[in-house]
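Given as structure tokens, the chain that follows is alone and in the form predicted on its own.
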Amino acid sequence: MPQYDTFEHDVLIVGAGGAGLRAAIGAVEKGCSVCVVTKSLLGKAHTVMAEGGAAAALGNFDNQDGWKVHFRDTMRGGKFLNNWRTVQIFAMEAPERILELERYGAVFDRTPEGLISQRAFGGHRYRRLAHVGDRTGLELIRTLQDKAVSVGIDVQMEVTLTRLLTDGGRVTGAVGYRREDGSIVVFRAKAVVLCSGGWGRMFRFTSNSWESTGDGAVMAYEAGAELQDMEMVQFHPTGMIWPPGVRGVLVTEGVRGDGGVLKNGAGERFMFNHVPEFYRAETAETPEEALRWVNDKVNNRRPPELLPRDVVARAIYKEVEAGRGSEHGGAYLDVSHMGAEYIKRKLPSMYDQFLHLGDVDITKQPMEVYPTVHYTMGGVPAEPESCATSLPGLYAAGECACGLHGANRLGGNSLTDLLVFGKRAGEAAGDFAIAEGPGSISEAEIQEEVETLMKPLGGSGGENPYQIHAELQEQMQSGAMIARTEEGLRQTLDKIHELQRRAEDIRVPGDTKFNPGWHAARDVKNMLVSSEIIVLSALERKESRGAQWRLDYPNEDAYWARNNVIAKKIDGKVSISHREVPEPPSELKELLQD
């Protein structure tokens, strides 16, 4: 086994996005030494893709808003698969976390009175998203990064962690490698916080960047943790569809929140024809009524473009399948009626993105959009109060954790999720580290992982990791995308099993230094594991709910309204079971029935 470097800290944070940085701040404030390990560079987290805003019931536009309304909206958006206590904590603490971020130095857009400005988003009853133009995630990362560095953290950049280390079931650290030269690194820690983000790179069209291969969730699963509701993969309704080279790049929901409208190939605002009965009483029935809501800032019924993401994504899919799509097979998203000055001020990133990537001037022309894989609601179940997982010493926050969003995340809830539960996870991990002290790490586990990492370098021939990845993307795109069937999912599962067998024979030329093929070999194995669990979970849930849309089971089912899908590794295989969704207390039930 090659020599390796060992680092020891009280708390190890896996991931340097919003959740990881807020967790680091929380652990340091508990008096712990903290190391943040990131697969990429500090400041280049997927958090920056959350452009539209951070949801919190500040009530700066609508004084009727409050945590109870935010709680109700989030539970309804998640089709009641959410953990009610997680949602309650989130809704109650969100305003303070936004104000805290402002105290850290975040510069939000302001109202004429000087308050934090808030915009409308899908599924939110009131204007609730604190924002910085359409670059809110970037501002959040900038602010938390400055704060985390100021309180004193160690940072290891361009390091890929591949395995959690355990001591009698307790997580005591992690092993991985430096991406630059492949040298092995071991981190020994009293507590570990997973803030590794989501997984979307197994789909062909996704807003996720190269890092999003599910490393954290797979490491937790391999170490014995449960994964929950992995079938719930969110298809953001508006990704770029043209030109082909940028298909899937995100078009923020802030475009619709600020008054953008969706039209089909015939120029019709088709969302009026796709309002579920569940939302009909809250949604405008005519373009004139929707325009009054946008222009007059009054709390009557919202435009149907601001329905939750699962509803809008399905509507676009149906229009295209019915032959009413745009020129390149999507829908038109039009903001030209808002005026060039307003667009450039409120949506500067979108203006630049379409102008430079697609040669489209959105002040004059509509955008062409189509659903793209964007977010995962499933992941590692995290206890609401502390974000503890089923493994002692392991905590989870952010997109890799499960509990807050249920079957469908409301836009804007992700950034505040990072702040609320990043703080809680970091503080709880700090308390655990102080109380429990260090555990041991296993040389046998380290050696086993190093052998796995080095295996693709063992000779010529064999399988190409890029070819396996491409075939996985094509199959997941066709069989496990927005509309699913038993037949399509079974075909996808068979293909995944074939690719898993082939992946055992992956070989790449060269050594560990500056070798992207070697990195891809490990990433592909993680994506194959998470893809298998996604498909098995989608097969198990025989209903349509939120992000899970089964054409062969088109309705919601009473049993599945009360049960989460649980995946766990038993005897080397994925074992699927069910767990009853926690039932909220009577006073919160009344809010949901209102």
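Note that residue numbering begins at 1 and tracks the sequence as displayed. Just so it is clear, the model here is predicted, and its values are computed rather than measured.
The next section is about a form of this same protein that is not shown, the form predicted in complex with a small molecule.
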Partner-free chain; cross-checking the small molecule in the model of the complex, the single residue of R97, R302, H374, R201 with a heavy atom within 4.5 Å is H374
Interface residue in the model of the complex among T389, N208, Q88, Q228, criterion: non-hydrogen atom within 4.5 angstroms of the small molecule: N208
Tell me which stretch of 97 to 105, 427 to 435, 154 to 162, 485 to 493 has a heavy atom within 4.5 angstroms of the small molecule in the model of the complex. 154 to 162
Against the small molecule in the model of the complex, would M49 count as a contact residue? Criterion: heavy atoms within 4.5 Å. yes
A23, heavy atom within 4.5 angstroms of the small molecule in the model of the complex: no
Does E399 make contact with the small molecule in the model of the complex, using a 4.5 Å heavy atom cut-off? yes
Would A480 count as touching the small molecule in the model of the complex under a 4.5 Å heavy atom rule? no
In the model of the complex, does every one of G15, S196 and G412 come within 4.5 Å of the small molecule, counting any heavy atom? yes
